[in-house]
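Heads up, the chain below is alone and in the form predicted on its own; it's given as structure tokens.
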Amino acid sequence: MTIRCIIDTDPGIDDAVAILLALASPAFDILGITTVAGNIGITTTTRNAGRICALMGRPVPVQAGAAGPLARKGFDTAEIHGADGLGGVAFPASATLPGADAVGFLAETLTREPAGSVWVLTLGPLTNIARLVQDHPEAAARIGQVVAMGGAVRDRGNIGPRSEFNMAADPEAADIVLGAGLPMVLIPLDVTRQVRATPDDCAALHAAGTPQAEFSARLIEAYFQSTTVTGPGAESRPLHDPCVMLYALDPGLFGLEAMGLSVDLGPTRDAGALTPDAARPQVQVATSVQGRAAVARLIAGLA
């Protein structure tokens, strides 16, 4: 099956690895990339999306989207992703100027293409998708499937005790999207933390020799350098966003559970935290993953 899709993203080290996998795989027909502020500001995330496409020689349309959350201040994670968002890994400049209307591009593409034929793969805060739901509900209803990295359901958070970065960066947007009744697969920290790259995996990517494998190895190595971990897990780093592409390529790697989810909209560090809620529309939530098989699939796809 060819996955006709739009990637909504805030690159970002692991976003970049995910996009490289999609650009390298013949299984994906990427209609466009829309960007959102999240890991770093919108100017940088948009520039990074263009540079990733330039590395691969792929003139995929890039459209800049939301410069901030719907209703609150955003985050800055330069200490993890570097001031350039890509851990200091030098990508070639893009020769193509991006557009400036991500939501309009999403609406136009979804309206033009057959209903249900286009997936939206989201790797960052859900601000653009929430605006699509609010401003163009008929177009949003034509989405074939949303596959989103975000949230923590039973696991601990990475921003607050129960909140994950993408959801915490724009809780109001997450609430709108999770309440919209869209066909949706959510891939939370509960499983992404089990898909972990080791130095040996980086060595395998270097050995593969393709540009996408080489640059993914450099990105993951930058992730090691920017994050200090002691104790269990110190020898590896989680690959959160590539799990979206891995699910699209091989859903059998993941176990799913249907549930409704409410979003904490309060002012505390748990803003964006998810709680199972039977009164909310059901989405499919990944609750298990074959972690090492997923990493092997990633390396094979990049090689």
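Numbering starts at 1 and follows the sequence shown. Predicted model, so just to flag it, every value in this text is computed and none were measured.
Although not depicted, the form predicted in complex with a small molecule is the subject of the following passage.
Handout entry: Heavy atom of each of 7, 30 and 63 within 4.5 Å of the small molecule in the model of the complex
Key = Verified in the model of the complex; spot residues all out of contact, no.
Problem - Heavy atom within 4.5 Å of the small molecule in the model of the complex - residue from 149, 177, 191, 102 - result: Checked against the cut-off, the match is 149.
Practice task
Pick the stretch from 236-244, 49-57, 63-71, 261-269 whose residues have a heavy atom within 4.5 Å of the small molecule in the model of the complex.
Solution key: It is the stretch 236-244.
Practice task
Give a yes/no on whether residue 215 approaches the small molecule to within 4.5 Å in the model of the complex, heavy atoms considered.
Solution key: Taking the distances in the model of the complex, the answer for residue 215 is no, it never comes within 4.5 Å of the small molecule.
Practice task
Give a yes or no for residue 34: in the model of the complex, does one of its heavy atoms lie within 4.5 Å of a heavy atom belonging to the small molecule?
Solution key: Residue 34: no, not in contact with the small molecule in the model of the complex.
Exercise for the section: Spell out, yes or no, whether the shortest heavy atom distance between residue 106 and the small molecule in the model of the complex is within 4.5 Å. Expected result: It does not: once the small molecule is placed as it appears in the model of the complex, residue 106 has no heavy atom within 4.5 Å of it.
Exercise for the section: Consider residue 94 of the chain shown here, and say whether it contacts the small molecule in the model of the complex, taking contact as heavy atoms within 4.5 Å. Expected result: No, no contact at 4.5 Å.
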